[in-house]
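This text opens with one protein chain seen in two forms, each one given by itself as structure tokens under the names structure 1 and structure 2.
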Structure 1
Amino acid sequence: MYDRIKGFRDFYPGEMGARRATIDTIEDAARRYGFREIGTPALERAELWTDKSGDDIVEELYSFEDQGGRHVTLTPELTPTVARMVVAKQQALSKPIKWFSTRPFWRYEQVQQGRQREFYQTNVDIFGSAEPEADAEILAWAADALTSLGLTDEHFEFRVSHRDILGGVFESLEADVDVDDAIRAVDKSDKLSTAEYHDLLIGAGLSADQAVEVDDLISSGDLEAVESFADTERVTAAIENLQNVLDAAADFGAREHCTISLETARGLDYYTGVVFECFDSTGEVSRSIFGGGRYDDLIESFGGQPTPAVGVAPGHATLALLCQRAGVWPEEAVSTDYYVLQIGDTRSEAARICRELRERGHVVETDVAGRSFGSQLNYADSINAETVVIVGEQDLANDEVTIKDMDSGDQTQVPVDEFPGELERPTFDEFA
């Protein structure tokens, strides 16, 4: 017996069927918006990450030197790869570029709920539009994808903010504030006590009074109050942009899922504008389900023309948790349209029936193990066959086959050359 690698998962047919259905649902939603599927390598040069994030990042990568001496890594996220692809063909691609892909990623980190070392994400991005409609379309797709899965606003909410609001507020203070530290503190505030939270803000350079004041201001979510408090062009512009995105989201049918939440910062450095996270409305899944936002500087930093971008990447593990708790996770059972049962030497007639049913697109199984009648029925039962077509020597002697409905157990004889005949999906009911 060999063990699985820690943090990697096997998916057996039942669970895989449910995952496949889920992936199809959210990808179909993306296709309806004209997002085009891309395929990407599992391996990239490690420099794609180490150049920006420093060598420490290597500890969280599956990286190694290949036989050609290249320092490579299994990709921990899609964004740098997509950025690389955009830069490489920038002139050739018509804008806006709208791409999606579902695939695994790998990070060497501690395994916990909703978090494995191999994990699957569906990335959806728009490059080449700085307009609020682009942000709103990303939100609209995300909302469409989740509602197509059967989720409602009872199950999830998008907490939406703008990177420059927090940054601008801290910048406007009359104090020497480490803005990044302060933003991190706000991002964590949910998990901290008020005192701990204020201590972190003070550690970032705020006075005690400012910490209280800023906490009140941010948690109020009152955009007008924030705007007049900061009274800077940066904050005013950010708030206007956020408002425009939400207005567009309203027209796109996604506004009802969005809550303004100025605490939402996102850890990622590369976000530049609107940011959002999806949360479990019931609070049962404590961490965010997924996040996204605008990253207007990334393409340029990869050596391309300045290109605005906005995207989102739902992870399938947390999505599955959310669906399961909401009771909308697809059935984890195989289904089978027909089992063609053979008794004696009836292979050629059975095979003909199988072929004709499969030509019609049905899922059809027959005996490939030389099993007895009872065993074959047993098996048909275990694969949830809807209809069993009994092709026995006795039936064929009368030029008939027997059609059996597995739910009721009812069965009837049908002339062999009328099955399946002209019928698209013949079942017991057609012949009863």
Structure 2
Amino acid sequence: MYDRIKGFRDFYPGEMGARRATIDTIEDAARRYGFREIGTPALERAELWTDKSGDDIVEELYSFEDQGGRHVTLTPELTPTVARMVVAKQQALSKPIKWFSTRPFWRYEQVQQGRQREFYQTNVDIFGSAEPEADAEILAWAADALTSLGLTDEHFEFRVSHRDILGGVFESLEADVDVDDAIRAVDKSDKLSTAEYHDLLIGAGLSADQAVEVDDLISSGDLEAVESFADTERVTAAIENLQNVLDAAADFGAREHCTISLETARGLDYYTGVVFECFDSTGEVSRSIFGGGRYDDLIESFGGQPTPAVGVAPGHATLALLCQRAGVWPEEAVSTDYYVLQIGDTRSEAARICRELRERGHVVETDVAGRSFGSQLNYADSINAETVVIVGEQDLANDEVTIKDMDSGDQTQVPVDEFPGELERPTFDEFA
């Protein structure tokens, strides 16, 4: 007996059907905004990550040396890949570039709620616009995708901030502060005790008094107080940009879902501007549902022309947790429109009925295992068939088939040449 590998999941038909319905909904929302689907490889050169983050990141990758001696890895995230793709055809691509992709990723990390070693995301990105409207459109798409799933502002909230607000605050301190370390400390603050959080800030170069003062300032969310405290052009410009994004989000219908949260920092170093994370409003899902933000320097760092960019990547596992908590997760059950039941030597006519129903776009099954009448009917029930079409030798001798409604158990005979006839979705009610 073979066991599946820890951190990897199997999806049986019922759960896969619910996942597919969810993926289709959020992808349909992306298409409505003009995002175009791309496909990307499962394997990339490991240097895409080690060159930016150092060799220590290898411990988090599924990396190896291939037969050609190349250091390669299963992709742990999409952003470096799409950056590579933009650089490769930058001059030929019309701006703004609006792409989306749904696919699996792999990271060797601790398995926990909402986090597996193989996980699935839908990435949505805009390249080539530095305008606040681009950030706002990402927020609007995310809100549209969630509300299309049946979620409301009672179920989720976007916590929005700007990396330059935090960076400017830390730079304004009269201390030798490692700004990146300080921002990472803020990003971890909701997972730490106050003492642990302050220790991280002190480790980044703040004094104990400064750690307390900055903690109070950031947690207040008071932008006027923050601007007055820092008194720098960097912070003033960041606050203005954040306000402009939120104003655009209001016009795009997403402002009601947004809360200013200066503790939202996003841990990845490539973020440069507005950042946001989506959370369960009730707190029952303990981690962020997904996050995103602006990363204006990444394309240039991969050898391309300076290209502003903003994006978001909903993770399917945490999104499923939110939908389940809110009671809007699709039913995990297979469904079938028709089961064509055969009795005796009736394959030719049964196959004709199956073909014509499938041509109308219906889900149709028929017997392929030579089972008895009772076994076929039990199978039809197990796959939630709505209608059973019984094609029996005696029926055909009378130029009829029997239509059975599986919910009520009612059935009736129909002339064989009238089924399915011109009807798009013939059921028992059409002939009763």
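Just so you know, these numbers come straight off a predicted model, no measurement behind them. Between two forms, the rigid core is the largest collection of C-alphas that superpose within 1.5 Å. Counting starts at 1 with the first residue of structure 1 and goes up one by one along its sequence.
Student: Looking at both, which one would you say is the form predicted on its own?
Tutor: The chain shown second - structure 2 - is the form that fits the description.
Student: For a quick test of reading the superposition: does residue 345 move by 2 Å or more at the CA between the two structures, rigid core aligned?
Tutor: Shift at residue 345: below 2 Å after core fit.
Student: Core-aligned, does residue 193 move its Cα 2 Å or more between the two structures?
Tutor: Comparing forms between the two structures, the residue 193 CA shifts at least 2 Å.
Student: Does residue 165 show a Cα shift reaching 2 Å between the two structures after rigid-core superposition?
Tutor: No, the C-alpha moves less than 2 Å.
Student: Superpose the two forms on the rigid core, then give the C-alpha shift of residue 212 between the two structures in Å.
Tutor: Displacement of the C-alpha, rigid core superposed: 2.9 Å.
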